[in-house]
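First comes one chain, alone, set out as structure tokens in the form predicted on its own.
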Amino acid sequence: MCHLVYIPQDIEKEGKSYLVEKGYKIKVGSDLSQEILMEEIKGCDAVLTRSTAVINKEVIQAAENLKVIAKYGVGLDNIDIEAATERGIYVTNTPEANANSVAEHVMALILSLSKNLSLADKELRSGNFAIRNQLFGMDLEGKTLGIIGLGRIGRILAKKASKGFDMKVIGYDPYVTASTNSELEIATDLERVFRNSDVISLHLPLTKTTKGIIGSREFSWMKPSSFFVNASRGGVVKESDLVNALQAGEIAGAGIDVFEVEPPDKWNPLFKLENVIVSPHNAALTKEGSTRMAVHAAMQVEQVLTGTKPNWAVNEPLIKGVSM
């Protein structure tokens, strides 16, 4: 039997080639509206999806043969995991594909903020060479990086900051109580991390419990000289509170890769602030990271459709989609 894999939003050729070489047929989607998703998913055995396509309960119910939803990436807020679990459908992601790419992007944001690169570039291009004597950067050596969320990305970032830049690193994660890594100190409360860090970096999934978890209270704990970076999910931060903190000088600046609403409106207040650096939710999208996400997601499809429990399952289906 030839299984059909639905890819709502196109992926790198390496991921598609992996599936074709295994004997699967591929259907690349034509549109990401719910109506089209519900129509195109019919008859498909697997979905390999990126972040933009919303695989909700209605879409899942439209797919009678669906056995696996493989996420290209880590965040799962666009997939109704509960509905999939009830239908006996595996949901997987690719946690080992892009962790280093995101950590490198975060370090780039931290470096750019600490050295005022964005503003210096803008001023010099306008002819203001004298800005060199007016705009002073900050050394990272000896400064403290606070990491909220100690999954793969958070741990890799801790190593880069500690070993590469001689920073002190404090981490907070309610599921992590101790660390065997010399470069990372574990804090038992969130407030201590915010009050004692020169840079805060978020690495949290978007869930019911983390939605809007960072707001005015947390920003008020930060030093006026500190920077805030978010390359996890926009929804974990109350964006209006962040704007207010930046405008009031409660914090020195921010590096933002993710937004409460994506794509963000071009009039987003963050875009008007000179002490903010933004990127279009592309921290994970290096050439290497994108290829790994495509192939790793395809590997999860192959494992499920051949009767093997996937390596990176995020649920345990109530009814198995395939015989194990």
Ligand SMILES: NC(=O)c1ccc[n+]([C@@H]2O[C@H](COP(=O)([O-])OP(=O)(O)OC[C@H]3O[C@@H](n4cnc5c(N)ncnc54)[C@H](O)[C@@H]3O)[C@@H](O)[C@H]2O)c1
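Just count from 1 along the sequence shown to find any residue number. Computed from a predicted structure; not experimentally measured.
Beyond the structure shown, there is the form predicted together with this ligand, which is absent from this document and is the topic of what follows.
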Does this ligand come within 4.5 Å of any heavy atom of residue 253 in the predicted complex? no
Do residue 175 and this ligand come within 4.5 Å of each other in the predicted complex, heavy atoms counted? yes
Distance check, residue 41 to this ligand in the predicted complex, heavy atom within 4.5 Å: no
Considering non-hydrogen atoms and a 4.5 Å limit, does this ligand approach residue 152 in the predicted complex? yes
Among 158-166, 82-90, 129-137, 210-218, which stretch has residues with heavy atoms no more than 4.5 Å from this ligand in the predicted complex? 210-218
Selected contact from 222, 184, 74, 107, since only one has a non-hydrogen atom within 4.5 angstroms of this ligand in the predicted complex: 74
In the predicted complex, which of the listed residues (63, 299, 283, 277) lies with a heavy atom within 4.5 Å of this ligand? 283
Within 258-276, which residues come within 4.5 Å of this ligand in the predicted complex, counting heavy atoms only? 258
